[in-house]
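In structure tokens, the next block holds one chain alone, the form predicted alone.
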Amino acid sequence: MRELIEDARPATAKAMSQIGIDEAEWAHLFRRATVEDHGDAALPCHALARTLNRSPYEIADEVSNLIGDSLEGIADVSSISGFVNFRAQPSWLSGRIESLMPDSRLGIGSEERRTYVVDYSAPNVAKEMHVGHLRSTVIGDAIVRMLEYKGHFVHRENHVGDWGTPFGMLIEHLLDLGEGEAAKDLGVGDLDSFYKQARAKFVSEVEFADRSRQRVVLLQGGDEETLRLWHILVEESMRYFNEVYSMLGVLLTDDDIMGESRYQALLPLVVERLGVAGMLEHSEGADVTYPGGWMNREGEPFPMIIRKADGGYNYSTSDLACIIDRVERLGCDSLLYVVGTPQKQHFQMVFQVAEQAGFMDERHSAVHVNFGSVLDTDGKVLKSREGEVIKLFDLLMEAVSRATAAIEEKNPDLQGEERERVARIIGIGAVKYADLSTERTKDYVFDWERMLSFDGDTAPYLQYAHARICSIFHKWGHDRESLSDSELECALPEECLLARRLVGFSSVVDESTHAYNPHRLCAHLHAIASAFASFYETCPVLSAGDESTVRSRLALCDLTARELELGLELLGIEVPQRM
């Protein structure tokens, strides 16, 4: 309720001035109410109690009385438990809805342009994408969409694991199979089997292990034939990964691939710059740096290994090289890493070293956008019946299959290509929404029955609300754009509830974008769909009687559909016209 706060600010400022509080002390406290039953916006007075040496309850009561009826036509003001609460009046809501109707951006403004890089998805070549990659991919995709919609320039970077010692054994296994057979295995998505076969030979066959080590030396030395074979592994793996990305409907393309191999030339530069900065030390043959503030179990300073004793580089070195590249080549202001919570300490240390070494300065921000795990109904990490990590492609196919069955039961009239298309939209949307609607730092339980339900906080529930509105307009038979100048009248409680949630949409998009938390947008979209369900049951639309009421309620329907569609689009989820 950003607009309500702005409209209520002058009267609130006058009241606060009368009790001796400067605007700098209270303005940042005035925000959207957390308890909807109490109001649409709230000003907590608890932080002012010490300044005035009075209880927050007394302060809230006095401010509420001082404002009185000066917000007539804007909001009703009340005092509850130390909060000054502001509830938008029906006439104000009607005016805000009227102003949103012709607005193609639905009140969402553009921000001063910044350059972001979002590091997400990051599968490993010759390894299967599994359910653990789901969270990084869909959360990162939603963040990219929201940032771009707000007017920022975003570099999408898929930091694929395509380099290192395992590629020696993978290339040798490719040669043993023959290039054609290996490409066939990788092309059908049998990546795990390919990797496991190579690993088993490396462990059990001395000759194969020796060849693999020699191949690593050739790879790192830039041998032309070895690089050609390495490209086969990368290209066939990416062909399969792209099938998964296509099913998920995410924005990643081959142009966004920035594998570990792309940063190899910068690794010596990281060592050089850390040395110049006086941050590099030698420990047991390795080059390390001590960012400070980190201790091991023995209470000794915890180092970050930059170059191992054998001359090889560590993940930390690669991530520092990434920062140099992203700041200096791409000119990024903000660096986002959508990576699981277990990597929290790693990124804290990397960011700390990058700042101390001058790879970043006060103009830059680096954020670890961490997330929890996907759990089975038994509370353990989700795995297949065989105890293996579930392949992401198989999971998505299962989602579409289950959605097809649900459609057959709910709407048997949908047939052929339309049913297949809607099943894909519903199934994939259900999986993505179940992930995105959970606060990202928390684990969540993967539950097929719940996520594909047409009731509750699910994608099908939101998609069905949109389809229901499309059905209303199909029956109406007129041009929806003709409603853009309709006069609104929010009279009934259900109309007001829907209107206030529609008005709050743009603020929630901003909050979700700034916090990198798509679940806030999910929660608000569900609140909109729930309010629409109550409105639809109580307020006849096409049979409302007089033309002005029909058009007013159709306008509410239209704005609801547009916000649901845009909100889900920002989450990377499609909406069907009928279900």
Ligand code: ARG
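In this text, all values refer to a predicted model and were calculated from it rather than measured experimentally. Heads up: residue numbers just count along the shown sequence, starting at 1.
The same protein also has a form predicted in complex with the named molecule, omitted here; what follows describes it.
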Notebook entry, point to check: Exactly one stretch in 370-378, 165-173, 331-339, 425-433 has heavy atoms within 4.5 Å of the named molecule in the predicted bound form; which is it?
Noted result: 331-339
Notebook entry, point to check: Would 290, 344 and 356 all count as contacting the named molecule in the predicted bound form, using a 4.5 Å heavy atom cut-off?
Noted result: no
Note to self: Under a 4.5 angstroms heavy atom criterion, identify the one residue in 504, 460, 140, 123 near the named molecule in the predicted bound form.
What the structure shows: 123
Check: Ok, 303, 82, 107, 161: which has a heavy atom sitting within 4.5 Å of the named molecule in the predicted bound form?
Finding: 161
Next item on the list: Report whether the minimum heavy atom distance between residue 495 and the named molecule in the predicted bound form is within 4.5 Å.
Entry: no
Item checked: Heavy atom of residue 315 within 4.5 Å of the named molecule in the predicted bound form -> yes
Check: Looking at the partner-bound form in the predicted bound form, is residue 489 within 4.5 Å of the named molecule by any heavy atom?
Finding: no
Check: residue 468 near the named molecule in the predicted bound form, any heavy atom under 4.5 Å?
Finding: no
Next item on the list: Output the sequence-ordered list of residues from 125-145 with at least one heavy atom within 4.5 Å of the named molecule in the predicted bound form.
Entry: 133
